[in-house]
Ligand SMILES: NC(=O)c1ccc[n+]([C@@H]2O[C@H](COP(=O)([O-])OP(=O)(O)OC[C@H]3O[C@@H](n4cnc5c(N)ncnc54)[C@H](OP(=O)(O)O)[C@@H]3O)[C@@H](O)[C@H]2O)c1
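A single chain comes next, written as structure tokens; it is the form predicted alone.
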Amino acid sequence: MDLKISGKVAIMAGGSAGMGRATAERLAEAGVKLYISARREKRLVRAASEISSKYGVKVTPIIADSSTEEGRNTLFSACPSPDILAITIKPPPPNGNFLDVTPQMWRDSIETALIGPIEIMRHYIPIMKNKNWGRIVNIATFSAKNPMVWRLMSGPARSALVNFTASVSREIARYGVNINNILPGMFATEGSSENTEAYARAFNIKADEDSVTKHFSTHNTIPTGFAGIADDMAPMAALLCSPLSRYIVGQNIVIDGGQHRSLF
């Protein structure tokens, strides 16, 4: 399918690994001029080089932590006028007992998963409005609408982000600028693998990937019978970044193998 975005300028914030990288690859495949940002320089530069070589497009790495004002300003300077903006963050570790969640943990969660994305959107929305076209996609989490007590550092902040984008998207759609969210469920990515020990502590199980995987399989039934991989989500993200999504506004698309049992 031709996404009709060849030659457009796209940012993938959080694009060095996992769902961010998979989305970056789909955008590169469609022929965009791509900017990817992340905190880890070595992994970021390697990802940019590999994507550029594979798809024959220019990919610019931006070392930046988008949860900080300094990091966002670095991103804004490197790419002043994108047509497409996709945002994701590394999944936070599970919080364990909800009574152990501290005010600082809440502040960190809100800075990373709510304020960071909002401030990036707030900066770029006027630029997109002036061009009368733009696409914004937040890759969040299905715990934004499917509460999980062990994911308090992820779900509540993303619920607020969903509320924000649902409101703002209706205000800017007439300018040809669409915002939508993807809410992934259980995915096997680099980020989830890096949190194995934290998951084990939270669930009081052995600290190895097999034990964590078995725990999720037992306690989180996925109708497909498997956890997704990043590219099970990326094609939808790329579609939402294209002109083909012009009539999709302010939506929250759950991709979870059927786990979330809700009509809406």
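Everything quoted here is computed from the prediction, not taken from an experiment. Numbering starts at 1 and runs along the sequence shown.
The protein also exists as the form predicted in complex with this ligand; that form is not presented, and the subsequent description refers to it.
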query	finding
Location of this ligand contact in the predicted complex, chosen stretch of 177-185, 160-168, 77-85, 129-137 [non-hydrogen atom, 4.5 Å]	177-185
Residues K33, P61 and N73 all lining this ligand in the predicted complex, heavy atom within 4.5 Å	no
Position in contact with this ligand when the complex is considered in the predicted complex, options K54, R40, K206, R46, heavy atoms within 4.5 Å	R40
Non-hydrogen atom contact D65 with this ligand in the predicted complex at 4.5 angstroms	yes
This ligand contact in the predicted complex: N95, any heavy atom under 4.5 Å	no
This ligand contact at I89 in the predicted complex, heavy atom, 4.5 Å	yes
Distance check, S109 to this ligand in the predicted complex, heavy atom within 4.5 Å	no
